[in-house]
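The chain below stands alone and is given as structure tokens, in the form predicted alone.
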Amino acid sequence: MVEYGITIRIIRKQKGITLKELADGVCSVSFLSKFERGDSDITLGLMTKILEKLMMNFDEFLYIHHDFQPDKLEQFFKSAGSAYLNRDVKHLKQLKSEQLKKGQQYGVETYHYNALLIEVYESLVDAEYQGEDVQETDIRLLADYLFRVEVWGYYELMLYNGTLLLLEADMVIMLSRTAYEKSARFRGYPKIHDAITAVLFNTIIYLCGPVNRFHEAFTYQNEFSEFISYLEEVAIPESNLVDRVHILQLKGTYEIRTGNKEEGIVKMKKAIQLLRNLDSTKLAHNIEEYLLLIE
């Protein structure tokens, strides 16, 4: 934690707190001075007490420490997701190479899973992709890892969310249940809350199936209701209107999918109007386009 001292000094001065005031009841002034200069390390316990006196949590501190950028793990997922959405094969290959090198350097298996996640993205956007069948081999490795993890945090949720749509339905149902159950203790943490919400949304979308199969019998009615109940239990706050409208849209899709077309269209049109009232015109347009395809 030596390098954290410089950031602590910056924050302390910005808050107008002296060395003596911050050190009082925590450590000696000389020790704190050495830490701020980068000449001494510090224990986690002392670091926690210093942050408490600064009225700051670790997340906020790390955000400042990383020059107001997300932490490295969050940056990785954002970078991989952006490269995938932009079909940037070159960037995906670069990210995969970096993760493989780190895996070899540190001997940590999760870097290999990161590389597999990127390979999945690469296989979807690169017309010249020559890799193995990731759905049958690499995805299975990811699933095996996720099943054996006892507690799911941000990493596991994001890793799963990036590959969920490529799994077989039975595997998705089992892993999404696992994700919901094993992330329970972290749900009060906003980043985890958002990640599990995304997993549940994607699970429900997956269960509804592609538009060209809406004429087929819907075999996942019980599972649909189960994951909708999980979403509602996660308790999306009233202030998060877009996600609440998204749930309404999914319920409308379900009605159409199960033959209650008129009721489903009413719900989806209500969702569209609510988004327009919020000036979320792009999201409203996306639902309109989707509704035209499934009506």
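Numbering starts at 1 and follows the sequence shown. C-alpha atoms forming the largest set that superposes within 1.5 Å between two forms make up the rigid core. The model shown is predicted, which means the values in this text are computed figures rather than measured ones.
Beyond what is shown, the protein has a form predicted together with a further copy of the same chain; the following relates to that form.
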Of the candidate stretches 169-177, 108-116, 217-225, 90-98, the one with residues having heavy atoms within 4.5 Å of a further copy of the same chain in the model of the complex is 108-116
Q. C208: heavy atom within 4.5 Å of a further copy of the same chain in the model of the complex?
A. no
Contact with a further copy of the same chain in the model of the complex for G162, defined as at least one heavy atom pair within 4.5 Å: yes or no? no
- Message: Is L19 near a further copy of the same chain? Define near as a heavy atom within 4.5 Å, in the model of the complex.
- Response: no
Check: Would D144 show up as a contact with a further copy of the same chain in the model of the complex if we use heavy atoms at 4.5 Å?
Finding: no
a further copy of the same chain in the model of the complex has a heavy atom of only one listed residue within 4.5 Å, and of N57, S229, T258, S33 that residue is N57
When a further copy of the same chain is considered in the model of the complex, the residues of 169-192 having a heavy atom within 4.5 Å of it are R185, F186, G188, Y189, K191, I192
Rigid core superposed: K267 CA moves 2 Å or more between the shown form and the other one: no
After the core is overlaid between the shown form and the other one, has the C-alpha of L231 moved by 2 angstroms or more? no
Quick one: once the rigid core is lined up, does I50 have its C-alpha move by 2 Å or more between the shown form and the other one? yes
